[in-house]
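Below you will find one chain, with nothing else, as structure tokens; this is the form predicted on its own, and questions on how it binds or moves follow later.
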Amino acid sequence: MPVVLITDALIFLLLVLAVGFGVYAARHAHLREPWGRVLRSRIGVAALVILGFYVVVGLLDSLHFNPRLGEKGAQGETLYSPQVLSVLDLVLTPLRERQEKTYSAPFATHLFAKETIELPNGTVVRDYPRLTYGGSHLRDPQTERLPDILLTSLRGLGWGLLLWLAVAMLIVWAFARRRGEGLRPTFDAMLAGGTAVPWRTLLLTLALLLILGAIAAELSLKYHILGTDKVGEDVLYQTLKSIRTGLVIGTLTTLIMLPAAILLGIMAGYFGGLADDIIQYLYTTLNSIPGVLLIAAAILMLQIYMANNEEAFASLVERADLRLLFLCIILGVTSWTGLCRLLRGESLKLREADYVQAATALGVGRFTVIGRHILPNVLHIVLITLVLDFSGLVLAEAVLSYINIGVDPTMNSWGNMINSARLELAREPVVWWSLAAAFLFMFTLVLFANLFADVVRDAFDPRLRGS
């Protein structure tokens, strides 16, 4: 049975808006030309492929449902479990269901800590117990583990290459059909870099992504490739589930802050006078409030509300989703002021432009001037600010969860993983893999988001177009 969470609906609304903007940009030269520059950039195309992987994982984790139970009801009706799963949970069922007792290191076949074990002959010893699932197919882990890992990796490499060849041939066929050429000349042109879009970079990045994914998929069926946490849950599963949280924080906060920033910023700059004074007073006052204290107060109020209205939530997932949405709202309220200030300054300059003065002299309405002349000429600032702020918001979630005012502790997020891992850094030996996994995935997302932001900035900034 489908389950639509509030953030799910907002995510797909944002996806529809993005597609609509893409169609709009394709029909207008002043937007089509800069985006063409982005697609002609090798760094931009490589970053898009990596970011596309994160987006696909996040969308799969945003399709929720109640799984069907095996038995029927008293009246023969279909019964559904109260548990809320996603399509990503369904894909990652082996990782989700193979839970160990406690910590185990990456590719380990035994638990991380010694326990008292009773041998079949009745002898009691202190040793590392075998894992229930990780490496359970091995008879002698000390001698068989490394060859098995290498063999499994080679098998994953083969599957990854086959999948890449299939996708590459599909791309080459579509591009050859569009150009009206044969497959071989088109493929040679792509590899030689003789096309406007750097297909060679795209195909190489896609090959790396698919090969690594196939190897990880093969190995994860036999081992916990990133280890397990305190309760024995697979860390790779937690890390992939945390992608949606990071994307929601980075994108829904944008959806919330964008209307206020654009509307108030342009109004302050274009109308001036009393409207400008009121809007400046508003964002100056808001900036004077410490953001962390405001977020902490809002989260505390929400926790009190949820504690007093437990019957309003059908599951823990809905409670966690409401807290995530509330966090996005608070971050949106505290982050719109920077873009508003930039748009105010740009609107002050644009309202004195000759074409705006001419439109006003000809009797064109103020809101028509804003829609036709002011807004299209500040879109590059909006786009640059959004892509630059995305990585900052992803990092903000990790920091807020680290101080326990971020997302719900029951929700998978990189911040919660780091917060849990910091308590284990004092162990001897150190439990380091949860922290390393969260850092690796978050670092990759933020790095390629920043690289993509640089390409977008260079493409849309009028001062950099000639360089």
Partner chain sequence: MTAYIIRRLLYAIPILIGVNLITFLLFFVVNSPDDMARMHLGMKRVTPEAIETWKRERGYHRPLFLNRDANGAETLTDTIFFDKSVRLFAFDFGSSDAGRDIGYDISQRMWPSLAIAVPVLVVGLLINISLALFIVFFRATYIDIAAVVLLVAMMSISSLFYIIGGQYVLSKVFHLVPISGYDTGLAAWKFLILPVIIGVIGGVGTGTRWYRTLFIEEAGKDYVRTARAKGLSERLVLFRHVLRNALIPILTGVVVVLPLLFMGSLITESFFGIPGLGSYTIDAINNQDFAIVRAMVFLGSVLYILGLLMTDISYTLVDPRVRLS
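Residue numbers count along the first chain shown, from 1. Bear in mind the structure is a predicted one, so any value in this text is a computation, not a measurement.
In what follows, reference is made to the form predicted in complex with its partner chain, a form of this protein that is not presented.
Interface stretch in the predicted bound form with its partner chain - options 402-410, 44-52, 59-67, 30-38, non-hydrogen atom within 4.5 Å: Going by heavy atoms within 4.5 Å, the stretch is 402-410.
Output flag, Val292, Ala298 and Ala438 jointly within 4.5 Å of its partner chain in the predicted bound form, heavy atom basis: Yes, the whole trio is in contact, each within 4.5 Å by some heavy atom.
Listed residue that, although its partner chain is not shown, lies within 4.5 Å of it in the predicted bound form (heavy atoms), from Thr360, Thr143, Thr368, Thr285: It is Thr285.
Heavy atom within 4.5 Å of its partner chain in the predicted bound form - the one residue of Ala176, Leu395, Ala168, Ala189 that qualifies: For this set of options, the contacting one is Leu395.
Non-hydrogen atom contact Ile304 with its partner chain in the predicted bound form at 4.5 angstroms: Yes - in the predicted bound form, heavy atoms of Ile304 and its partner chain come within 4.5 Å of each other.
Contact test in the predicted bound form: Leu447 vs its partner chain, heavy atoms, 4.5 Å: Yes, contact at 4.5 Å.
Contact label in the predicted bound form: Leu14 to its partner chain, heavy atom within 4.5 Å: Leu14: no, not in contact with its partner chain in the predicted bound form.
4.5 Å heavy atom contact, Leu451 and its partner chain in the predicted bound form: Residue-level check for Leu451: yes, a contact with its partner chain.
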